[in-house]
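Given next, in structure tokens, is a single chain: the form predicted alone.
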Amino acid sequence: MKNIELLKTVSLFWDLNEIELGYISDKMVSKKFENGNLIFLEESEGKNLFFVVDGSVKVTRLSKDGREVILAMLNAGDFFGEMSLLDGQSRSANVIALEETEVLSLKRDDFLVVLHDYPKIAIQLLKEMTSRLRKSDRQIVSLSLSDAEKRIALCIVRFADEQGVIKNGQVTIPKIPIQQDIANMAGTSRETVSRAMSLLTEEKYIERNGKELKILNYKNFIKEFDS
């Protein structure tokens, strides 16, 4: 039942009823990973599609100089590993658990059967992949054109889009990534992230409380940093 409730939150399955979700859920296997565990490695064979039940993961690649570059961070209800299942090629990135994380895995053969039986899933998959391409394009532009502080602010905008809760014009991000991970996503250093966060706090753009980060005026933040 828990798996079905999770699948209801996954965009791929929004058009399916509970019986159909149960059919798919029965084909899935639960796996658990500790913080820092590698879920799969770039260039490895792609045999499974994964859905995050609890916890979070980061999708990374290594630059030519061996530096980690974070492409995305995914939370409960998100999925990953679909590209290899569709084209039969090797994995295009590494995926690493950011904390104690539980995922559901679906074998490639079962996934292809599900796509055949439920064409609406294919449409939702195309929408999700298009959304991810747009986010990647936005990240590439920010890396090439923006100074480090603005790139960090754009990372915060992305976290807000993906997991933020908006209320009275403020957006709360319940689990902001650690500064090193933000640096790896923004293409800068941890020290620069620390300085930028302090500056944003001093200028009353954001407020931090442990892992929680709050954007105090989201409309102004977007106007200032995402235009």
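Being a predicted model, the structure only gives us computed values, none of them experimental. Residue numbers run from 1 along the displayed sequence.
The form predicted together with a small molecule exists for this protein as well; it is not shown, and the discussion that follows is about that form.
Next item on the list: Please run the contact check for Ser92 against the small molecule in the predicted bound form: heavy atoms, 4.5 angstroms, yes or no?
Entry: Contact check for Ser92: yes, within 4.5 Å of the small molecule in the predicted bound form.
Notebook entry, point to check: Within a 4.5 Å heavy atom cut-off, is Arg108 in contact with the small molecule in the predicted bound form?
Noted result: The answer is no: Arg108 has no heavy atom within 4.5 Å of the small molecule.
Notebook entry, point to check: Looking at the partner-bound form in the predicted bound form, is Ala122 within 4.5 Å of the small molecule by any heavy atom?
Noted result: Ala122 lies outside the contact set for the small molecule.
Checklist line | Heavy atom of Phe33 within 4.5 Å of the small molecule in the predicted bound form | finding: Phe33: no contact with the small molecule in the predicted bound form.
Margin query: If the cut-off is 4.5 angstroms on heavy atoms, which of these, Met28, Val53, Ala160, Val59, is the one near the small molecule in the predicted bound form?
Written below: Answer to the contact question: Val59.
Next item on the list: Answer with one of Ala72, Leu98, Leu154, Leu104: the residue that has a non-hydrogen atom within 4.5 Å of the small molecule in the predicted bound form.
Entry: Looking at Ala72, Leu98, Leu154, Leu104 one by one, just Ala72 meets the 4.5 Å heavy-atom criterion.
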